[in-house]
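Next up: just one chain, as structure tokens, the form predicted on its own.
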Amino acid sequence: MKEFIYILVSAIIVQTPLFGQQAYPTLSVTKGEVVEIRAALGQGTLFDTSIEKVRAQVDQFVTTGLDVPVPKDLAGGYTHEQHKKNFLILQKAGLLFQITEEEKYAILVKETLFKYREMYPKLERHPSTKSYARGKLFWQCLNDANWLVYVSQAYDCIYDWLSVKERKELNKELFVPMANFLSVETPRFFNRLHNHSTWANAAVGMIGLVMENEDLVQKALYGLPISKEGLKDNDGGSITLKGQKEAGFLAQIDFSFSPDGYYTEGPYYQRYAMYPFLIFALALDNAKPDVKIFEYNNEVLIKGVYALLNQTNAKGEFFPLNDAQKGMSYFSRELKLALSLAFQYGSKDSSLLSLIELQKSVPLIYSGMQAALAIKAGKTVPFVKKSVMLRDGAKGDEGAIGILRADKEGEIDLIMKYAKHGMGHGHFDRLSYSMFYGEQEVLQDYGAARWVNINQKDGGGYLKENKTWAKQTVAHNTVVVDEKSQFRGKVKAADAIAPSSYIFDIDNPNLQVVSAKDTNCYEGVELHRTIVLLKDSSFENPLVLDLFAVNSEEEHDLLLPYYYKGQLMQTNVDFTQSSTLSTMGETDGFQHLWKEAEGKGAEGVTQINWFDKATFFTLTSTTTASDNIITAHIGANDPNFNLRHDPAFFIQKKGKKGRTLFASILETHGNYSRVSEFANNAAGSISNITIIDNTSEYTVVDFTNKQDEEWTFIISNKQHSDDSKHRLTIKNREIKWGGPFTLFKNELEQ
């Protein structure tokens, strides 16, 4: 229940001190912590080197000051980037003032804030009309909230250094109006359950804590009265969710995270949202320790940090699920805060220190100092990422992300997505999978069609191709039915229901299985995908066995894409290359694919071998002569060259009715040196895959290698309990096993 009743009136609420006198600072550091930080300086820790880096960044503006231009530009433009620079510099300057006691930093903060105080009352909403919630300093309220989250920390650091008159003037003319603008004047922005509103809630709450304005803090924690449903944002997501009765910061925590710490919008936006989640949590822990915010909802904020770390490849880059710019990693400023706070408020996990060392800096707060001292004391141990299922949904019952990992001559990360849609930032990609080998993508998820903060690309925002290409089903490694995207591309329908987790079994590191079903994304069609990561001494690296079953009573055309990285080396398909390029279709993303060549599938298995970086890959798939194999690349109908021209191949099965199975094995093998010009093990070792059975009860496949070793994999399609018992006759042999799947090598006898 809300702890206050808010009645909207025409009068703008001004500062109402309810806390009494408090010690400053109180947000990102406390007075007592500053004393400890000062005492620990000069020991040659990572904190010391971090201070010097920040000094170098801030000192250049101490004499010149910071420009405060009248806002007019989109992301990437001068005014946008300048105001962004300002909030980052001010936050650092405030902390430097507290730690060093050098007034030049407080003066920089004060002078800049009074420039904003002079300008802000004159501002209307931003001239750009691109956003559903236009800001004042920036083109969208989201960035205004970014500004206030950071600048409130700077203000907190100089609050009791300022005169009473100066504080009153800044509160009345700048900070209270800004807090009201982000909340009561823009309620559909403030009340969402979304990363945008997390920033807004944190911004209003943090400035409320600084000004001892309990009314603002309560708004931040519990939101405003819920408005009507049906409004949409720029990405097609709902402003207010169906049946939503709660809003505010605590509701963000309750509904955005699963019990495993997975964030429904995906890791890219979880990384972005973790900063306001954690910095406001830190402020609340300092100012209102009775809330016990880091213990709230079973410590889900700390779990969220681990969930993020587990969604990274060997380079520390986040898996590009949903709307995501590739290359974003745990080296971001958000994760620098997250790791130090997870270390302090979690279980003092020494493995986090190894990642903090890689970041080569710590935030200039108490947790940063604690981490730096622990590293100096030699407490670091390696952080090991393991196979994990991260459930989605507030109760953990709305699908998941399944991540299978294996280490052998390089890290393998295999990601299968069967989570919720992800609201406006979601993609229509149920049961898709992607894979990394070490630091390189093998089968890719495209991510977002966006060049963040690059002004030449439509102001750095999302490009129209994000909707027409990147979100579409055909842009992902999952089955497309009748050349249409899942849910016909309707976000509301996709958000309403999630896929079902069927199996996630990692008990045997040599035989890991993830399996999921969906019966909603295509009407009258059941999809069931099972992916197996198999380690065996007969193979150089772990194999990926992919079984994608499609069941329907009506005829459908089925297409399974594979977006690979590298150069196609060899195939047993007799391709016919077109003399002129044509698109693969007209809608649902197909209009962005240039068809390069087409051929009939080989009778038995089709094999495609390609090379990337220094490694070879071979996909062996069951096909018939009636199947089509298509090669293509992205980039058609892209007049502004917004899309990457990445290659792909497609397995097409037309007019399929009843049960259809795509069965394939992906091998990672060999190497090539451009210096010695020697290729080693350039060809795959799998010679055949055979579908033995594919019924509603069981799917059975055999596969053999060139040494005539044979394996048989069986999965029950109805009973997935570990306690289930099975009996099946295959090739005149009766097979018995327990559990939902089994694998036999060489002989079928047990």
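Fair warning: this is a prediction, and the values are worked out from it, not measured in the lab. Heads up: residue numbers just count along the shown sequence, starting at 1.
Not pictured, yet referred to below: the form predicted together with a further copy of the same chain.
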Contact flag, residue 643 vs a further copy of the same chain in the predicted bound form, heavy atom cut 4.5 Å: yes
Heavy atom of residue 415 within 4.5 Å of a further copy of the same chain in the predicted bound form: no
Residue 288, heavy atom within 4.5 angstroms of a further copy of the same chain in the predicted bound form: no
is_contact(residue 332, a further copy of the same chain) in the predicted bound form, heavy atom dist at most 4.5 Å: yes
Single option in 306, 345, 383, 611 placed near a further copy of the same chain in the predicted bound form, where near means a heavy atom within 4.5 Å: 611
Interface residue in the predicted bound form among 631, 218, 128, 551, criterion: non-hydrogen atom within 4.5 angstroms of a further copy of the same chain: 631
Within 4.5 Å of a further copy of the same chain in the predicted bound form, all of 118, 181 and 351 (non-hydrogen atom): no
Listed range touching a further copy of the same chain, judged in the predicted bound form by heavy atoms within 4.5 Å, from 658 to 666, 81 to 89, 207 to 215, 499 to 507: 81 to 89
Contact set, 613 to 629 vs a further copy of the same chain in the predicted bound form - heavy atom within 4.5 angstroms: 616
